[in-house]
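Take a look at this single chain in structure tokens; it is the form predicted alone.
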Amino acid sequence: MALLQMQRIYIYALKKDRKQILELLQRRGVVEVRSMLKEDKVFSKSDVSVAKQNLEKNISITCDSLSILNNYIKEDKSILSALAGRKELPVEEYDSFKEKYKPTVNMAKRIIELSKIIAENKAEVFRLQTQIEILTPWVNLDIPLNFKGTKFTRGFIGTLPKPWTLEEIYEKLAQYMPLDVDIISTTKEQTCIFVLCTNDKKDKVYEVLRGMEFTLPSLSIDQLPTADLSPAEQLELLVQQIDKTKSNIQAAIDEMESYDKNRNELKFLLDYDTMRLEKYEVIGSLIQSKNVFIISGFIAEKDFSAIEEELTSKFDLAVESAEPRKRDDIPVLYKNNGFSEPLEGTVNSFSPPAKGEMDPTMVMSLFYYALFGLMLSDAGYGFLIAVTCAFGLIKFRKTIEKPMKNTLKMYMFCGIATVFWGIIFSSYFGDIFDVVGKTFFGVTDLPVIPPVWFYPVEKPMLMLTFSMAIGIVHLLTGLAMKGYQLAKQKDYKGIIYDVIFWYVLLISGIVLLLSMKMVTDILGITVNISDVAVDVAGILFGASAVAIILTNGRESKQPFKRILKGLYALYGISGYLSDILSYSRLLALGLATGVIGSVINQMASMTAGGFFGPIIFTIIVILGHALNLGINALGAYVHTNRLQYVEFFGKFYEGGGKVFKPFGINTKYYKIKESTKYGNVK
């Protein structure tokens, strides 16, 4: 429940060592570089926009080439490849990549060029196939489609809608004889015809044809390979062009596939330029003179001595630290144990602690795991989650990346908590032991495994009471966290006015509610509270309410406004009541998991008869419980986060800070392997 102490760091070094110093700092990943010094006549910032644009362009090209390559040759990845983490490479391999850099960039560009060639040729094949489809009805025409006639004749080549017979066409054109009509082809949609008439009657013939809805071929003569050839000859040429285009496509695909063996070089190029881009972004924030440059930023206090020792032993430079200033936006770097560390990301999803705020991760983790387990509350499901995550952590312990490691650890602890509550309420894949025992072994002494406490389905009001009791503890803990935070700020009046008075009001209010028979009857519990305790609770409730009214508007100088603000603050007790009722979701989700699991088991037991019964039973159980686990685990995750963000954090935590983002190796595929003196930096 702590944050690491941060310091300002200043590094004064010679410009000739800039590249080596920045690469060392990048590999160490312990300094967040900030531009905290102003420019003057001697020191100024460099314009690195052109270099950054070139690197961004190369990164984009490399990403596109990898994506294109993966479209043609799928990368062989296992289901568990995400747990393997990035591949480690020695720093020497990083340094030696300079020789491969330009050829690899050219290879990436060539892959993109090949994809364009393939796309253009596929479009050409489609165009040629369209021409073939249009030409096919004219294949029996032994003259070119652009034939217009001779010196004394006029030819018309085109289509008529719907089927026409030769007699019907001659009947329409009979008065303009002599002429010749040929039907080239006929379909349900159209009739392709060739009409030849004398020049003196061409206008009249064309007018009649137009009345018959005559249209010229939809294929432009300019699109044909050679306009003076017959359609059959045109088709032959088009087929040859398609074959040639397809061979070009295949050649491009073959060349594309040949680059599969260079996929790792492309991946390294992406990471290499990503690292260089980050380095240039840092260079752009540095102030430098002709021979000297200055790095400023933040570093964890625990890492300062080691980085100072390493830098001064390798370079001629000076390193100094300083306490952060009041106006500094100090980055947040957590310090938690292995139990609560996995939930740092959950806190960040809400917002990192602001300046002066405490880290809520440790206290939150105690409730987070417990509430998740209570919502899922099935020992079988919890066992599967815990064992699966533990297997991943053990199997890939040497290669797994920290974010994935924390995710697995979080779900492993959630699974363990789920097992605990499942045992308490005797839920093992619903009531699978009872159903199997009764269905296949004739067991009558049920339940096979009784609950340690009770069945929530049988006593829902007791479960509701228990859920709200946990909610009260959760909310009071949040209020206590506020008191602790005020104590660190030495705001002792705030502790009394904003914490202690509310504690007295809430606890005395709970005592008064539990003294009412109507309330205890609804909750299904029996509570014996003496009259003296009730009287004392009533007095304390009234006194604390008056105290809240008088003190919660204390920042206002006008008495009337102060009282109004105090009354509004007292109205906040209704918010506490609604918050407590929010914990009824513990009952709802817990019951949903158990009831759905039991329904699945009952459905499976109906098919258990006969030779194939056990097989069908097993299939239904596996599929049904897999679905139930997925749905309710997701619900438990979402609602556990909600209870932390809204009910718990709402009592003391605002956030608004910034996570520590050191200058480091934020790559996708590779990481540099190098022994260091530094601990893990998150």
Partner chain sequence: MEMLNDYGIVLALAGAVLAALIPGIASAKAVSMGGIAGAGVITEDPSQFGKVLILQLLPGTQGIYGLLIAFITLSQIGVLGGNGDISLVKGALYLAACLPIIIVGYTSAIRQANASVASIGVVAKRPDQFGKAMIFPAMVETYAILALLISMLAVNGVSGLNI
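Quick caveat, the model's predicted, so the values are computed rather than measured. Numbering follows the first chain given and starts at 1.
Beyond what is shown, the protein has a form predicted together with the partner chain; the following relates to that form.
Taking G538, P460, G494, P324 one by one, only a single residue has any non-hydrogen atom within 4.5 Å of the partner chain in the predicted bound form, and it is P460. The contact with the partner chain in the predicted bound form, taken as any heavy atom within 4.5 Å, belongs to I596 out of A306, I596, V125, L408. Contact annotation for the candidate site: F43, Y280 and I294 all lie away from the partner chain in the predicted bound form (no heavy atom within 4.5 Å).
Checking 183 to 191, 196 to 204, 597 to 605, 525 to 533 against the partner chain in the predicted bound form, the stretch whose residues place heavy atoms within 4.5 Å of it is 597 to 605. When contacts are judged by a 4.5 Å heavy atom cut-off, Q129 does not count as touching the partner chain in the predicted bound form. At a distance threshold of 4.5 angstroms between non-hydrogen atoms, I510 is out of contact with the partner chain in the predicted bound form. Taking the partner from the other structure, the partner chain in the predicted bound form has a heavy atom within 4.5 Å of a heavy atom of H639. The closest heavy atom approach of S584 to the partner chain in the predicted bound form falls within 4.5 Å. If you take 614 to 631 and check each residue for a heavy atom within 4.5 Å of the partner chain in the predicted bound form, you get just I631.
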